[in-house]
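One chain comes next, on its own, written as structure tokens: the form predicted alone.
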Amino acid sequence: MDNIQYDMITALPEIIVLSMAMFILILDLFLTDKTRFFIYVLAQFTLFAAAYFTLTTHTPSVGYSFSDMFVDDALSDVLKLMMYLSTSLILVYTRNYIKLRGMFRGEFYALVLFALLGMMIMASGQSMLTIYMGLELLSLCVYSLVAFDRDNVKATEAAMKYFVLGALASGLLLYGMSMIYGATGTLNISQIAAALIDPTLIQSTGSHPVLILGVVFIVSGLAFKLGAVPFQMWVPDVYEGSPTAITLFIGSVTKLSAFAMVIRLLAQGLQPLALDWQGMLLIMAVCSMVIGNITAIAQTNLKRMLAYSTISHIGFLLFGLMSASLNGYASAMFYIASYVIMSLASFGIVLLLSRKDFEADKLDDLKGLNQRNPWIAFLMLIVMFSMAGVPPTLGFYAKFTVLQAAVQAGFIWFVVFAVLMAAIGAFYYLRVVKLMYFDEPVDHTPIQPSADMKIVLSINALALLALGLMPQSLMTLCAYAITHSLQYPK
């Protein structure tokens, strides 16, 4: 097999997603409102085709293509499969919502697929340049999606805030990458790691201060994309201002790509400098838990509460990453996968409660949900318990694994602090349960979800219970992806 053929095979899922996104854009010109459902079917078929070729071309070994700028390994394949599944659920949850708001157009599905393509490139990036290209493709699509409802003033304002702050974060990240390139002479992640363990590099060039400054800028850029303190200022505003369908997309699947970027840059490229970035992640983890959990208690807007909840979850994720070990990275991957499942179900229920000209974005909108639809209230109960970390839900084991990794790395007192923060955070999750089961409903309109929405949402929420009772399969998958992909230079 020659190099060009191998390059095409490793990038086949990306080629499929790119081709179908462009085809959907063109096809949309010839469709009417009655036949536009075909675009939704095509988008779902695209995800299925990409998943099929990702699975069939998977091998446990690590393969490099496009002049070592693109990597095909277990980590990229597992993350891509999670991205396909999450995006498929998002399309199911958002279909009725965007129909009622005049957003059911080819551009929406094309932007979602282009954003997915950016995330896939980030997952397989073996060069800082490749990762940055994927990040920019994702970012530009998300900015456009936030402002997609052009008549919505809040969405336009949120898009402007996100664009300005996102551009600043991208600049920080790019500046940090340029410093690493200047100190090591390469953009390839494996070569950067090899250069950093070469004792003659720092002694001969005196580039250690430049490297540390580069790490600071890179971690700052990554923290923004994750939504960690002190770069969290965009999260509540964008979550609240965006149409709920777009909030679901930003709050779930994009976190997988941010995690991929952290693993590629910190755990692979900058692992020899772990002592320098561990302290930064520790400070951000502690601050994210404090600000996320305490501020969430004061919120009356459901989407803002979930935004601050996201910030606190990122704090727990950082506990796994700052352990700087294979076990810590696998635990962090398990946590981000668990968080995405929880986030999809929570925002899916918010979308279900929304109607034409009505956004179910207030906590009061959940009052008496048990009287309006007991099954949906039960599903939301499972989601809230999982987010709070109540056993035997998946959220409990996710928190347990990252804190266990932090204990093994020697951060015992910080783990005690994290447990206290989790106890505080349980308050605002249990408040939602109290509103659903013990308060009188403000709106007595019965909730009647479509068949596909009810089935998919039920499977999503019940998976939190099933994977909580039997978490071994997901844990094993995450451990397999990490151990077969992180290859450090000898």
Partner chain sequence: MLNNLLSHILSLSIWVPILAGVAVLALGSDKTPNATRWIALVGGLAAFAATIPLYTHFNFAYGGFQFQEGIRWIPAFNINYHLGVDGIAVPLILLTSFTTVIVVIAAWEVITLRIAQYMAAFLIMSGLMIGVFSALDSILYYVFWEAMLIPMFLVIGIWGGPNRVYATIKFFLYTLLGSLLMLVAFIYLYYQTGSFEVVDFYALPLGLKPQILIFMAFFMAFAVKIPMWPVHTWLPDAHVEAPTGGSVVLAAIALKLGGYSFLRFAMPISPDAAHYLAPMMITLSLIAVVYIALVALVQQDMKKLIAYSSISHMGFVTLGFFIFNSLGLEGAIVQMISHGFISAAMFLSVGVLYDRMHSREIADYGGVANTMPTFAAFAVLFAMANSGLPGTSGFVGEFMVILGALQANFWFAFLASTTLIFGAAYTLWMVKRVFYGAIANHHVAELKDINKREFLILGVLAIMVLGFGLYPAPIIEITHATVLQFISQMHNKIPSVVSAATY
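Residue numbers count along the first chain shown, from 1. The shown structure was predicted, so the numbers you read here are calculated from the model rather than taken from an experiment.
What comes next is about the form predicted in complex with its partner chain, which is not displayed.
Site check 51, 108 and 129: each within 4.5 Å of its partner chain in the predicted bound form by heavy atom: Not a single residue of the candidate spot has a heavy atom within 4.5 Å of its partner chain in the predicted bound form.
Partner-proximal stretch of 447-455, 34-42, 434-442, 60-68 relative to its partner chain in the predicted bound form, 4.5 angstroms, heavy atom: Heavy atoms within 4.5 Å of its partner chain in the predicted bound form occur in 434-442.
Interface membership of residue 283, its partner chain in the predicted bound form, 4.5 Å heavy atom rule: Heavy-atom contact with its partner chain at 4.5 Å: absent for residue 283.
Residue contact check: residue 170 to its partner chain in the predicted bound form, 4.5 Å heavy atom: No, residue 170 is distant from the partner.
Non-hydrogen atom contact residue 175 with its partner chain in the predicted bound form at 4.5 angstroms: Residue 175: no, not in contact with its partner chain in the predicted bound form.
Non-hydrogen atom contact residue 408 with its partner chain in the predicted bound form at 4.5 angstroms: Looking in the predicted bound form, residue contacts with its partner chain include residue 408, since a heavy atom lies within 4.5 Å.
Contact assignment for its partner chain in the predicted bound form, among 188, 88, 156, 370, heavy atom within 4.5 Å: Contact residue from the list: 370.
Of 26, 430, 462, 55, the one that lies within 4.5 Å of its partner chain in the predicted bound form (heavy atoms): In short, 430.
Stretch 49-65 - residues with a heavy atom within 4.5 Å of its partner chain in the predicted bound form: Residues within 4.5 Å: none in this stretch.
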